[in-house]
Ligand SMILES: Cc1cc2nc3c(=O)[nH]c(=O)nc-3n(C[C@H](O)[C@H](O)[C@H](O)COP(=O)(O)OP(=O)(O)OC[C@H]3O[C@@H](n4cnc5c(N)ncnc54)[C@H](O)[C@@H]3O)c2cc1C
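Before any questions on binding or motion, here is one chain by itself as structure tokens, the form predicted alone.
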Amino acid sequence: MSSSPVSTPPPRSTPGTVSADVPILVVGGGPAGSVAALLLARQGWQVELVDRDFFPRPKACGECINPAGVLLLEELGLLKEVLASRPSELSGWDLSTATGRLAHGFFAQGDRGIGIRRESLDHALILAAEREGVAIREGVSLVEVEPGNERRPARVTLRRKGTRGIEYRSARFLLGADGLQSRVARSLGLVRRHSAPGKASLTWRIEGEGPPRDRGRLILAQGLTVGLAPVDGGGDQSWNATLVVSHPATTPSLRDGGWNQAMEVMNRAQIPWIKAPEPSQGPWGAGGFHRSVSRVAEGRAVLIGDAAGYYDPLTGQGIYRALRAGHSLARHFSAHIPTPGSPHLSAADPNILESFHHSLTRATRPGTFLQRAIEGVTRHRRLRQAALTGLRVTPGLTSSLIRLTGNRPTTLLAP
């Protein structure tokens, strides 16, 4: 896919001002929503997916999939579609402070990560879901949600972008996969107030030549982090550059001065550019981070992906966790609903979503603990510098950390 600005194609279908029933309605077409929709369609469910944007579209993201995510895509039969956009293959990550302390971490032999544009990844997964029979509705925004209960279906109010026309849907199950600023979660009153440090990010697509293109780089500075990763394997020199800032003064000031901050950190870290990089697209912003929810299931509605709670993924686990959430939900449905596809309600349906909530919490707890531990160290200058020194002088330690954050703990002692 070229680096030219993304166009806005016409929607595949035109929603009217109608009321209709559907067994499963998915709100949000990112990795969590599209994979859940695709796998449920494979099981025989009739699935409709709505998203407020048109695909392909760019998105603020570090744009890397770790080795566990690559293996999961292969397991689901989706890796071929994803690789068709020729993403960059990653053999590991370099970690450094802004003062130049550098540690090299490698994935296990045979493992690989990939750097891929989010517009390419999300579009590939949406098209794969559509081929499985999922009805894709683009440019459709959520207005309001009623979660339903044992006797009543979930009900949503939708609006086509650029119109005043209202559309109503009733669903046996509603999947909220609409990201960090989830309208489903907010409409259901599930978002918690959070006292954790506020963060915001900016992502650019940049062109530049110099650093190795088989590795990502994470630069840890006081109050901010810069991530750098190649995102094309087709012979050009495109990179993802993401700046994450703690306590940004204002969003406009971050947008106006963010690139200068990112360049200052990269220069201090002595990134070996042959020619100074220049932004070609962006910036795209995201924040605030550290969102949590009181629960992920309410009535006949369930949250997955970033909508189910978000913790700043310095560890690069974000896309993997979204893919795994969609996969886990589909497996949970398969195990608890022997005859899929029916729009008819069952009194046990809310209990099925509640049990998924508990299994999801257990599954994500170790990763969240690791993320919090890493942030606790990187937040303080002396701890950050001591940790980088320890990683540099201890053989294999950086690779072990990279493999843990790549969700491949079984490879810690592998070559």
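Remember, it's a predicted structure, so these values are computed and weren't measured experimentally. Quick note: we count residues from 1 along the sequence shown, nothing fancier.
The same protein has a further form, the form predicted in complex with this ligand, not shown here; the description that follows concerns it.
Contact with this ligand in the model of the complex, defined as any heavy atom within 4.5 Å, is confined among 98-106, 300-308, 74-82, 269-277 to 300-308.
Each of S141, D178 and S201 comes within 4.5 Å of this ligand in the model of the complex, counting any heavy atom. Heavy atoms of L127 never reach within 4.5 Å of this ligand in the model of the complex, leaving it off the interface. Although the partner is absent here, A171 sits far enough away that none of its heavy atoms falls within 4.5 Å of this ligand in the model of the complex. Within this chain, I319 lines the site of this ligand in the model of the complex, having a heavy atom no more than 4.5 Å away. In the model of the complex, this ligand stays beyond 4.5 Å of every heavy atom belonging to A68.
The single contact residue among R52, R42, H357, R384, judged by any heavy atom lying within 4.5 Å of this ligand in the model of the complex, is R52.
Taking this ligand as positioned in the model of the complex, the residues of 40-72 that bring a heavy atom within 4.5 Å of it are, in sequence order, V50, D51, R52, D53, F55, R57, K59, A60, C61, G62, E63, C64.
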